[in-house]
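Form predicted on its own, single chain, as structure tokens, below.
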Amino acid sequence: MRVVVPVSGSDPKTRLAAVLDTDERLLFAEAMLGDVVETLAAAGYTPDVVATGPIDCPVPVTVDDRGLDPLVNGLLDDTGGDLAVVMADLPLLTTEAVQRLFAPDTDVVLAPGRGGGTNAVVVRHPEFRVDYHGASIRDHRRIAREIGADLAEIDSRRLATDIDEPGDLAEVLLHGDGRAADWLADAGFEVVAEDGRVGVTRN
């Protein structure tokens, strides 16, 4: 099975623009990507990284400027529905979470993200195609039902925690121990607790 990690190399993580400038967002995206690639490799998988633009990565990168849906669906066409897709912004990913993702012997395995997204999918059904717009986890459940695919879902905080908003950075500092956490610490970010809520500040 081919394992693909798609990532934006042109203008990544725009929702972090309030706390990171353009160059910093690229560096942080590269750090998270490095965490994901190294964790997949430690779990025994050789991931292919596909980026919309040049990006620094521990493994070779294929540049493909198609949007996420046409990219992944094109890969599903090429592989005959034998593909796993793991998003590049999961710096809390562990080998145990990866093993849980690949463990179910079903046609489709989904790892929901917070907020209704789909952070990882394993496809073993030739007719399954993705639709990442909006509440994609709901759409992917529907697509699996419509084609009669056996479906499993993985309830995992590690797989569910994608980093998109400034408030998400606290999760990396609290629970991460890889490149992304080191990058944030080196950039001056630290965890703060105010009014009973945990956030980050930058020195």
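Fair warning: this is a prediction, and the values are worked out from it, not measured in the lab. Basically, rigid core = biggest C-alpha set you can superpose within 1.5 Å across the two forms. Note that residue numbering begins at 1 and tracks the sequence as displayed.
The form predicted in complex with another copy of the chain exists for this protein as well; it is not shown, and the discussion that follows is about that form.
- Note that among 130-138, 30-38, 51-59, 64-72, the stretch whose heavy atoms approach another copy of the chain to within 4.5 Å in the predicted complex is 130-138.
- Interface residue remark: V198 is counted as part of the site for another copy of the chain in the predicted complex, having a heavy atom within 4.5 Å.
- Among heavy atoms of A17, none comes within 4.5 Å of another copy of the chain in the predicted complex.
- Contact check for D155: a heavy atom falls within 4.5 Å of another copy of the chain in the predicted complex.
- Mapping the unseen interface onto this chain, R100 counts among the residues with a heavy atom inside 4.5 Å of another copy of the chain in the predicted complex.
- Shown here without another copy of the chain, the chain has G167, D168, E171, L173, L174, H175 in 167-186 lying with a heavy atom within 4.5 Å of that partner in the predicted complex.
- With a cut-off of 2 Å and the rigid core superposed, E194 has a Cα displacement that reaches or exceeds the cut-off between this form and the one not shown.
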